[in-house]
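Subsequent text provides structure tokens for two forms of one protein chain, presented individually as structure 1 and structure 2.
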Structure 1
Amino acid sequence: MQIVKDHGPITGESIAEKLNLTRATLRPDLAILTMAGYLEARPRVGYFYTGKTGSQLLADKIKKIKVADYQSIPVVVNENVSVYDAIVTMFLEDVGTLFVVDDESLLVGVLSRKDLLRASIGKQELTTIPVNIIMTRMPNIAVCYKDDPLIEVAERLIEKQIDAMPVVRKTEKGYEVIGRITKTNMTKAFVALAKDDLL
């Protein structure tokens, strides 16, 4: 890398010559440095140093991760189901957030653990209260799209202090829920990044 820093742009042959190696011997090393982002190669020009630090390269890698790479299957309930049924669904599906849809399967609300806990405190009959009474409604719902950068969605989860966000597809009538992004999805991405399984 120092040779490329000092003499770039420089051809592979020239680098090999300075190191008293053959071009073939050097090829795998140059390929690794290029794939890692430390060097760039241009045909008929040669190699040059990108000037990026390890943390800058990591940041570039993180910014390329899309929601679609880590989204999971959404758990949805109809707006007319009871609070009791929503609690049972949340428990059986082992999720912290339910997305509420109307009869046309369009997003109309979100239910968190807190919403359901709040509704269950007191003497109400949970089997008779529909979730549309207690849910957070549109347009107060943060949504994301499958092509959004995952890092931006993570920032919005933190900013809004929520555990999950629906991944939606915009239609003429409204938002169709096609996935979910949760703090668990973020953790999986973080672990994969640490193990260098990404990209």
Structure 2
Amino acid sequence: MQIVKDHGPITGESIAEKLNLTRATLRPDLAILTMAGYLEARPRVGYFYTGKTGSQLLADKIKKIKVADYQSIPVVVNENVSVYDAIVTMFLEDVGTLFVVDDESLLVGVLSRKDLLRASIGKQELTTIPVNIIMTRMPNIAVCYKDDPLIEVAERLIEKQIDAMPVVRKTEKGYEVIGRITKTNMTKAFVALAKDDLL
């Protein structure tokens, strides 16, 4: 690595000469350093030093994880269902966030446990108020796409202080909900990282 730092770009042959080694002896080491991202190899030019430390390389790898790699199945309710029915759905499906859609299955709102808890201690009759009265509505909903880097969505969940975000597909009419990404998914990604499942 020091030779490449000082003399790069430099061919494998020239590195071998400087070390008094044959190219064949050196090849596996150069392969490892290149695979690990410390060196980069360009045909007909040679090796050069990428300047990246081990933890920068790790950060690069984390940035390649997509939302699609960790997303869950979304649970949606129609905007006309009652708050009571939404709470029942939340318990049956055992999720912390419901996405609200209109009759064309387009995203119109989000309901968190907090929204439902707030409504449930109010004075209103839960079986008669529709969820579209209490939900967080478009355009105040943070959304993400399946190809977004997972880590960027993690940062947005923290920044916006929300537990979940719908994964959407954009259409001419609006957003279709195709997934759900939560702090549970982020915790799973964190565990996978430590278990070396992901790298």
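Residue indices: 1-based, along structure 1. What we label the rigid core is the largest C-alpha set whose atoms superpose within 1.5 Å from one form to the other. Keep in mind that what you see is a predicted model, and the values were worked out from it rather than measured.
- Here, the chain labelled structure 2 is taken from the form predicted in complex with another copy of the chain.
- Taking the rigid core as fixed, one finds a CA shift for Thr187 smaller than 2 Å between the two structures.
- Once the cores line up, the CA of Arg27 ends up 2 angstroms or more apart between the two structures.
- Residue displacement note: Glu176 has its CA displaced by under 2 Å between the two structures (rigid core superposed).
- In the rigid-core superposition between the two structures, residue position Thr11 carries a C-alpha shift of 7.6 Å.
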